[in-house]
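The chain below stands alone and is given as structure tokens, in the form predicted on its own.
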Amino acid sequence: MISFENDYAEGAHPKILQRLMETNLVQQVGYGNDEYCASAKEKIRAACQCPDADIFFISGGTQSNSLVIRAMLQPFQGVVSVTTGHINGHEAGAIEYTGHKVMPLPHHDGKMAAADLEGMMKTFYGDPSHPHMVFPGMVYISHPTEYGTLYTKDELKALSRVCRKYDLPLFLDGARLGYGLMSHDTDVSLTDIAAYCDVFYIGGTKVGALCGEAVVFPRHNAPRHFFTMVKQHGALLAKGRLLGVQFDTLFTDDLYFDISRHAIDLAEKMKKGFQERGYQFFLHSPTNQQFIVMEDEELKQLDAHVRYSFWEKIDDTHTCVRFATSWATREEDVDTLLSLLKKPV
């Protein structure tokens, strides 16, 4: 059985495991104040070209989203997200659990349009009764999106412009950020994200680490006592070194970018194979997630050999499914998948 079910099915990159073993018996102070976390932060600041960035290592993506949003909102504010945003659909109400409303906008292949955000804000402040409502307090986007799509630099710039006009912090969920940065179709760099966003995180869980995300406030703009809030929410590791060692390794000799490029290259090979065989794509994804419309009967046959993710039903006989590559995907597994599909047209 081969798996394209997700991009976190494997453990960690061997270099990370090797580094964890090498440093295992070195005694360090706790709670992220160790030398490995300090080194990793400096490497991330250099990669982002943000020498004053505040950086926090958090154990997972949902914890990062919940903490950042909770810390940056006032009690009467909510967070704006497209309907397909992870915080709106797949985090079990984690944001609402903190007492903040997720305020949905329509998506465009998973992305938020600056015009839609502008319209929302004009409508909100144009209503004389808006003091009785939940105030839009920040904006959440994902890059790549849940549909594997990417913002262009102009789209990111336009969103940032609207956010700054209305004093809305722009928060970018980067759970799969490496795969977005290494896409063949992107014009967005890590420094662009740092320039246009007020906070973002660099995903490790889905890009080679055992676990962990690096939350970056690029302009020394972390909320007051954010560290204490991390602990209050149960997301502070006593052995913070576990995350520090991993990100220090990922940001040594471009490992994070190299392994992300590997996933993209194999996703492109997979995409080409599906195209040659005449399959219908649900949408165009330039990243490691490919969404394919397949006949239900063929899926039943594929189930014996391949794991994939259900996405949505198309009609009575067709389903959209997702195939995801990762930093650890083997080329021979892509070849096996393609050999199990119908012959090229």
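It should be emphasised that the depicted structure is a prediction, and the values quoted were computed from it without experimental measurement. In this text, residue numbers run from 1 along the sequence as written.
What comes next is about the form predicted together with another copy of the chain, which does not appear here.
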Site check 99, 132 and 233: each within 4.5 Å of another copy of the chain in the predicted bound form by heavy atom: yes
Another copy of the chain: the contacting residue among 229, 182, 266, 163 in the predicted bound form [heavy atom, 4.5 Å]: 229
Residue stretch of 143-151, 234-242, 247-255, 183-191 approaching another copy of the chain in the predicted bound form, non-hydrogen atom distance within 4.5 Å: 234-242
Any non-hydrogen atom of residue 88 within 4.5 angstroms of another copy of the chain in the predicted bound form: yes
4.5 Å heavy atom contact, residue 2 and another copy of the chain in the predicted bound form: yes
Contact test in the predicted bound form: residue 10 vs another copy of the chain, heavy atoms, 4.5 Å: yes
Proximity of residue 106 to another copy of the chain in the predicted bound form, heavy atoms at 4.5 Å: no
Heavy atom contacts to another copy of the chain in the predicted bound form at 4.5 Å, residues of 304-319 in sequence order: 307, 310
